[in-house]
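In structure tokens, one chain follows: the form predicted alone.
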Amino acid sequence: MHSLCEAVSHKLDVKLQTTINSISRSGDCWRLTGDSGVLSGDYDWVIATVPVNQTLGLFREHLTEAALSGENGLERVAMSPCYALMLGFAESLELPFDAAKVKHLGIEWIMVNSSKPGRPPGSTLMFHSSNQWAQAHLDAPDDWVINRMRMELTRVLEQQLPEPQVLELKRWVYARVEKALEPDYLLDIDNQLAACGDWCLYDRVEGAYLSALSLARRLAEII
């Protein structure tokens, strides 16, 4: 992914690690304000590829009522959270599956990541909480979440796992699309604002890709 991004951004002025807090009109252009003030330069278009809640934060005062709260408005998009926990072990684990869908528990999905081709010795497990469980415990401390998820994993596997050498938790606030925008993208030609993402279609990387592809093709026709 690093090489792909470098190739696509060749000769472009890319600013990394920059939070955009607001956008404002300056004549026919947009100005962007970040943590350190107004970014240099005026911009013809603002295109957001962030979650819908963050898109709303930037675009709300510049969009029409229909684009905000209409039948396919941004405010109607709903997303739910998820926790992802990765455990890495030096030894190989004997498990009867490479991936498992779990029902009626706090854990919803388990994947033996180390079963993929070309992986080094040892075992790596990646597992996700259910969206309902994550929503109920979204503000819980990381240590509490890790301990509870490991307890749930022990219940599912019906065995006590060794202590992991690698342990990483991801609090995925915008994980599942509960209600999508349904159009492939948001496009306001008059204001020169656009947005895309999985929340436009469905909650998979394919949804994000197809949304971006549709928007890019449309922008190529009008810009």
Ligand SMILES: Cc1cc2nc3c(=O)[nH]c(=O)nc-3n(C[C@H](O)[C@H](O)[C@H](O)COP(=O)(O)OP(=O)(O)OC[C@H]3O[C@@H](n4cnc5c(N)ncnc54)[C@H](O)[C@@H]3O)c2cc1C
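Residue numbers run from 1 along the displayed sequence. Note that the coordinates shown come from a computational prediction; the quantities given were computed from them, not determined experimentally.
The discussion below concerns the form predicted in complex with this ligand, not included here.
**Q.** Residue stretch of 194-202, 63-71, 23-31, 181-189 approaching this ligand in the predicted complex, non-hydrogen atom distance within 4.5 Å
**A.** In short, 194-202.
Q: Report yes if any heavy atom of Ile47 sits within 4.5 Å of a heavy atom of this ligand in the predicted complex; otherwise report no.
A: Judged by the heavy-atom cut-off of 4.5 Å, Ile47 is well away from this ligand in the predicted complex.
(Q) Can you work out whether Tyr43 and this ligand are in contact in the predicted complex, taking contact to mean some heavy atom pair no more than 4.5 Å apart? (A) Output for Tyr43 is no: heavy atoms all beyond 4.5 Å of this ligand.
Q | Partner contact for Ile146 in the predicted complex: this ligand, 4.5 angstroms, heavy atom | A | Ile146 lies outside the contact set for this ligand.
Q) Do Pro51 and this ligand come within 4.5 Å of each other in the predicted complex, heavy atoms counted? A) So Pro51 counts as contacting this ligand.
Q. What residues of 84-103, in sequence order, lie within 4.5 Å of this ligand in the predicted complex by heavy atom?
A. The one in contact is Ala84.
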